[in-house]
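Quick setup: one chain, the form predicted on its own, written in structure tokens, and binding and motion questions come after.
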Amino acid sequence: MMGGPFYNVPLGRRDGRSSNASAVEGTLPRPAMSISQLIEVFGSRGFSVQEMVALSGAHTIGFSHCSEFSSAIYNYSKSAQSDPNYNPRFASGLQQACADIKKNPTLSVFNDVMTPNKFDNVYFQNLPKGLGVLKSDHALFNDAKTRPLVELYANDQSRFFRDFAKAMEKLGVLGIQTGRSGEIRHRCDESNY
């Protein structure tokens, strides 16, 4: 619906019988992680650096809450109001969009300000221009291990789509439960017992 690539989603995946937020900590990428931390989190799940960068391209749609990056746009340091990785005009726009964060902690901005409702490779084109929203977005372009992939995807949308689709298919079967493990829920928001 958003113009992105097609990929297969296997049916019949079994759900776990319990869900505990504390068990998730350290296993999912966080917006302020460094590239080393992101590589470790994705690598621990069997994903390569290339797959990690391709999956990060999902930021071409969606939004981020101001609370996830406000420390980088307000009073960043003694010498700078915002993180110098941001384009100055973009940082100013983020400051305006998030101005009422103390009153309204649900404020958010689009991850891709240029084409927020289209799944494309513009997210990658934005990063060299300082138009990434999260610290992890800036890190993708600023680290020598990931910059060539950002540049590849910025220049080749077909390659991004192909690699994203393959990585999503791999993600779809991550930790899959079979046999007597897990259950197929009658309601997705609660276990069967």
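For clarity, every value in this text was computed on a predicted model and none was experimentally measured. For every residue, the number given is its place in the sequence shown, counted from 1.
Separately, the form predicted together with protoporphyrin IX containing FE (HEM) exists; it is not shown, and the next lines address it.
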Next on the checklist: Give me the residue from L131, A139, I61, L149 that has a heavy atom within 4.5 Å of protoporphyrin IX containing FE (HEM) in the predicted bound form.
Outcome noted: I61
Checklist entry - Looking at D156, D143, E40, E68, which has any heavy atom no more than 4.5 Å from protoporphyrin IX containing FE (HEM) in the predicted bound form? => result E68
Checklist entry - Do heavy atoms from each of R30, S56 and N111 fall within 4.5 Å of protoporphyrin IX containing FE (HEM) in the predicted bound form? => result yes
Item to check | A165, heavy atom within 4.5 angstroms of protoporphyrin IX containing FE (HEM) in the predicted bound form | outcome: no
